[in-house]
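Shown next as structure tokens: one chain only, the form predicted on its own.
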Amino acid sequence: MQTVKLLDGTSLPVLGLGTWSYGGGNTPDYSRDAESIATMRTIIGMGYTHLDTAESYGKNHCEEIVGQAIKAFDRSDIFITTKVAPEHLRALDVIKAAEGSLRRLDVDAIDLYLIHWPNKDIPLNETFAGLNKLLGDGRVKRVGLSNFSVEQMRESMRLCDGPIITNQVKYNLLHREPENNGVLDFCQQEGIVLTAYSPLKSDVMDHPVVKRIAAAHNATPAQVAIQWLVRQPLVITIPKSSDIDHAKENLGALDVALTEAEVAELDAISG
């Protein structure tokens, strides 16, 4: 699979698996665990080796699903991103949250640990006191951000003992805020990966220009929407999928060769 180079030299696939729908979404659901684990293993076997989860997904249960699913693979082949919730951003709470994620994932280290959302009531220097301890003792290998502004990114870069690897933000053909608020440009200038979440909202896939370009390539609108994202420097995406056919379809996006004229058309349809 096509990859991007992280600031520490690690290569990361441009297409990862968002796991929000595993284990219950907003509340824990244990009724489909066996099916969920089997599905995730099948999708990992297709080449989805970057798994994106969070302690808040399924109120902790999603991480347990991920932890069970990856037991069928060599740990070194799997890259796990998880996130600390905004209510856990005081130094000791960050450490406790990471310990909980490590336990649920049943791993020795988190490959990439993100601040899920900034919390205006907790200073970032307090948060990074905890994150830097986790970096220092190796329980967290890399640190990143999610839903951060350029100003908050700059402060995080100053406070972090390691490089800020990514900022994970909502970004798709019809949601261009990262272009408008400078986050995309800043990430590309600094070598920070922008991880686009929610790439396949229904309004994107129903857009007539997207549908027409997809038809011209014998592709699907989802494949066009994904390709438009990952063709950009230092942009990766993590569409969520608990459906094997959809995961397969999304992989096919990497084979869609958009023309410059088509890219210009897609660039022009922003929200």
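What you see is a predicted model, and the numbers here were worked out from it, not measured in a lab. In this text, residue numbers run from 1 along the sequence as written.
Form predicted in complex with a small molecule: not shown, discussed below.
Trainee: If we define contact as a non-hydrogen atom of the residue within 4.5 angstroms of the partner, is Asp29 a contact of the small molecule in the model of the complex?
Mentor: Because no heavy atom of Asp29 falls inside 4.5 Å of the small molecule in the model of the complex, the answer is no.
Trainee: Please tell me whether any heavy atom belonging to Tyr57 falls inside 4.5 Å of a heavy atom of the small molecule, as the geometry stands in the model of the complex.
Mentor: Looking in the model of the complex, residue contacts with the small molecule include Tyr57, since a heavy atom lies within 4.5 Å.
Trainee: Please run the contact check for Cys187 against the small molecule in the model of the complex: heavy atoms, 4.5 angstroms, yes or no?
Mentor: Because no heavy atom of Cys187 falls inside 4.5 Å of the small molecule in the model of the complex, the answer is no.
Trainee: Does Thr82 make contact with the small molecule in the model of the complex, using a 4.5 Å heavy atom cut-off?
Mentor: Output for Thr82 is no: heavy atoms all beyond 4.5 Å of the small molecule.
Trainee: Using a 4.5 Å heavy atom cut-off, which residue among Lys201, Lys96, Lys141, Lys133 comes into contact with the small molecule in the model of the complex?
Mentor: Among Lys201, Lys96, Lys141, Lys133, a heavy atom within 4.5 Å of the small molecule in the model of the complex occurs only for Lys201.
Trainee: Partner absent here, but in the model of the complex, which of 173-181, 123-131, 154-162, 193-201 has residues with a heavy atom within 4.5 Å of the small molecule?
Mentor: Checking each option against the 4.5 Å cut-off leaves 193-201.
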